[in-house]
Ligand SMILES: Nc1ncnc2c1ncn2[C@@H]1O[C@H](COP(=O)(O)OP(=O)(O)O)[C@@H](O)[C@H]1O
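Presented as structure tokens, the chain that follows is alone, the form predicted alone.
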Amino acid sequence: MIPRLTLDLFLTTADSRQSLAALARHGALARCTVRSHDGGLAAAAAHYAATPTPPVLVVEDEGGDDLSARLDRLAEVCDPASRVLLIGGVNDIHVYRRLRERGVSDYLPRPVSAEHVLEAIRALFHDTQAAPRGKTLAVWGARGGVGASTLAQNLAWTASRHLREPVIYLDLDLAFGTSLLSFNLDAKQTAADALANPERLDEVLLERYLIEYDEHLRVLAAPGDPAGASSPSLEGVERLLDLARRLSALVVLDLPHHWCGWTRHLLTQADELVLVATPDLPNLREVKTLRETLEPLRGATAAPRLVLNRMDAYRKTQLAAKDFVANAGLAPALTLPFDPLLFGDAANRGQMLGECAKSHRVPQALAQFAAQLTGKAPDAGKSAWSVAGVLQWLKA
């Protein structure tokens, strides 16, 4: 089964365009997003210089003597997890072997059909463990009421706009979750239902539980009912998260401010961890304690990212940012001002900040931060590689 993913086509010949036009309507790709572009390797390299790359690229070689150089230019702007299927005009086993040695996932000689491409994609993901897994982003408030849920919701929405791929927001605060109000949703099933019988949960059932907020963002809301809330098991949360990662490029976890086995596990295992705090002494203590607790478990290379929220709400009593950093041992990756009008307007409308005030500095700062978290920021996340390792990113 082909997992949910985004597939980009860069085709140069009329025959290939006509043959592969049926891909977008094929039942095997019903859960996928298929996008067609004009041009071959050169056009793909130019396009992805400013755009994140999807899990799978089908690129047609425009021909010429300098194929290696064209591949090198594409490799310089591609995400390491992307897979490339190359269509070419030479049907030669030696050419196929050389391209495979360089890391190209598969080589398809012209003429190609939709079935040829589907067979190649199925081969990439014939093992369910080989299916692409989305990154996980956990958001945790140093103390209750610091705005962690609001930040998590806006990061999920902003990241989905940046990636232009499926993003799932999991509201795991079963007792006091705010996602139904914040996204202005009406849910028949919630995260509590999904976690009540996790052994029954599969991709099809999870798809039914998820609510589509827009083209790329889907939400598994919390009921927000303390009377009916129960503590989920670690196995159940792991099952839910594994399925969500199969269905999306990014899973944003909104965690309750409750220290227990499964929250500690998610804080430890998340690809990215964002700690939200306000600039006061109690928050400083909690950030310092949590950093010292998680650092040995996550490692120095996976240090949490600190967001200082509501700066200047109480100018006379708040801690200065430099004092917070000096004592917490963690520099803020993002500092957000106290702006009750902006946040209050978004909350009353049931919309995200970027929908209410796109040109405001806060949504713009969140957009830059989301790009850093996804690892697909064009200016920071794509570095040139040496010729020796030029297409190693295709072998993963």
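We number the residues from 1 along the sequence you see. Keep in mind the model is a prediction, meaning the values are calculated, not measured.
Another form, the form predicted together with the named molecule, is not on view; read the next lines as being about it.
- Looking at 104 to 112, 148 to 156, 242 to 250, 206 to 214, the stretch with residues near the named molecule in the model of the complex, meaning non-hydrogen atoms within 4.5 angstroms, turns out to be 148 to 156.
- For the options 310, 135, 73, 116, the residue carrying a heavy atom within 4.5 angstroms of the named molecule in the model of the complex is 310.
- At least one heavy atom of residue 339 is located within 4.5 Å of the named molecule in the model of the complex.
- Although the partner is absent here, residue 144 lies within 4.5 Å of the named molecule in the model of the complex, judged by heavy atoms.
- Using a 4.5 angstroms threshold between heavy atoms, residue 369 stays clear of the named molecule in the model of the complex.
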